[in-house]
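The data below hold one chain only, encoded as structure tokens and taken in the form predicted on its own.
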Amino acid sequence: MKKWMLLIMVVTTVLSLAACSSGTNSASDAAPAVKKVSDMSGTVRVALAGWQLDNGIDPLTGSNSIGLNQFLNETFKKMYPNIKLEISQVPWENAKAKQYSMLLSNEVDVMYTGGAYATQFYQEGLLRNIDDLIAGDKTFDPSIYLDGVWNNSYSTKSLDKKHQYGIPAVLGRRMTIYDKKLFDDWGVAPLSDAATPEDILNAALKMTGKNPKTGEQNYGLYWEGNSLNASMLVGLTLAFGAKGAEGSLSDMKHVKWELNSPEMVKVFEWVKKAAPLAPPGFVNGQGAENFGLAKNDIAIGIDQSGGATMSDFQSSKDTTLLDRFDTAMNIGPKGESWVAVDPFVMAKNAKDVQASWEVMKFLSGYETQKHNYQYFASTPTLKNPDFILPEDKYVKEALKIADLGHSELMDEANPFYLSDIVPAFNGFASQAAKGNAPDIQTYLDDLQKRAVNWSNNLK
């Protein structure tokens, strides 16, 4: 999620241009007057991972962007004039360590953080359940959020799904995007919206090599080979029916690991065939700098956002690239997979719970999500984000995928998944790309043994 957020901060597109082209530099210019909501008083300490507080200029387009400080001055501070906000910005690079420290030392009340971090903070008892606050607040409507996100994300729900501790604020965008021009050059039929891993692999195999029309080197496939959460692996395990484990995240000691099952072998066999079709730099997350742009040389991108293409459209108003780079659902069954969710959460020892609740609701609510989409291309978590540009098919596809999203034992909420399975998966792909893939069954037998030992050593 961190890299995704950094990407959109760089791209900084979407309605920032629309705002400038209409001659407005203020979030309030086109909005109705903001009125006072409450005389509630209090001080709330807020720590935000990665948000832009000050106004700035888009490095690509030169358009102005409105930072959080001005937005809050024009909205929240008029609605709640007696609630004082003490906001601190935390770089993504050290967000986990910094926010963990803040929670331990009771220096924060409300936080925006990474989904995996939130899960870990909650498991350590550092965050507060918000079930009572939701039940006691008729103004809060959980049904505005995507069902798949609200009901199934461990970034906001306890591992037994009995308690809500966070509100989803920003989605990760992960979808299959393909270059129709390259498909035409190679005479390959376009992908369907529900393209399977086999469909993608078969198409990518046909489009790796010298382009028959341009003579340039093309690559059939790309994914981020050094992904911190290997999100592509989640979709693959679902697609091949590879459970990886059975049991509950709330009882990892008694999980039954199935990492060396025949289905998991099929997952790695797919990766063994796919890795050589990607540009060599994919193992370091490089090689796709032009994906989504005119100079692209990759036919299919997995777990892509469409940010570069939308940025180009916002700059030029030219729909050529939008028409060229089309979308498909994720690679799990019917397009489903795990979806990254970054939430707002409340510290276990929040000093002023009611004031913190108002702040938490506002920062994860409609107006803030609209602001973040307009100026920072953040993907909303709402069922009806009516502020999305009609041309932004990438966010629309991401919302369709998110509504099918669910958390599994094989995703970043699982500590062994992050510590061992992801490095094993990325390492295998790296070796496969060089033609040196290890024996899959032996490789997975070793991973299985480590997983069993890991669980046995838990207290």
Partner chain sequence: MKPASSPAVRTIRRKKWIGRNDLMGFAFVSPLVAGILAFAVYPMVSALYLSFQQTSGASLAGKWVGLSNYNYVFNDPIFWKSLYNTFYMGVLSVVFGIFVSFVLASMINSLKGTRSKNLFKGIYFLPNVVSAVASTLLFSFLFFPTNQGLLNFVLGLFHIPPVGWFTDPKFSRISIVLMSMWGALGYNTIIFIAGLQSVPRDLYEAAEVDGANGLRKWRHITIPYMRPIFVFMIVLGTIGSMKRFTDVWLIGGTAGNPGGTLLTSVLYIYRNAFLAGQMGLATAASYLLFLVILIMTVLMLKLNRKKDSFD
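Residue numbers count along the first chain shown, from 1. These figures come from a predicted structure and were not determined experimentally.
There is also a form predicted in complex with its partner chain; it is not shown, and the following applies to it.
- The putative spot formed by 107, 256 and 445 is not touched by its partner chain in the model of the complex; no residue has a non-hydrogen atom within 4.5 angstroms of it.
- The contact with its partner chain in the model of the complex, taken as any heavy atom within 4.5 Å, belongs to 283 out of 182, 195, 350, 283.
- The partner is absent here; in the model of the complex, the one residue of 235, 225, 168, 306 having a heavy atom within 4.5 Å of its partner chain is 225.
- Interface residue remark: residue 191 is not counted as part of the site for its partner chain in the model of the complex, having no heavy atom within 4.5 Å.
- None of the heavy atoms of residue 135 is located within 4.5 Å of its partner chain in the model of the complex.
- Its partner chain is not shown here, but in the model of the complex it comes within 4.5 Å of a heavy atom of residue 94.
- When its partner chain is considered in the model of the complex, residue 36 lies well away from it, no heavy atom lying within 4.5 Å.
- With the partner left out here, its partner chain still marks one of 143 to 151, 77 to 85, 313 to 321, 94 to 102 in the model of the complex; by a 4.5 Å heavy atom cut-off that stretch is 94 to 102.
- Using a 4.5 Å cut-off on any heavy atom, none of the residues of 358 to 386 reaches its partner chain in the model of the complex.
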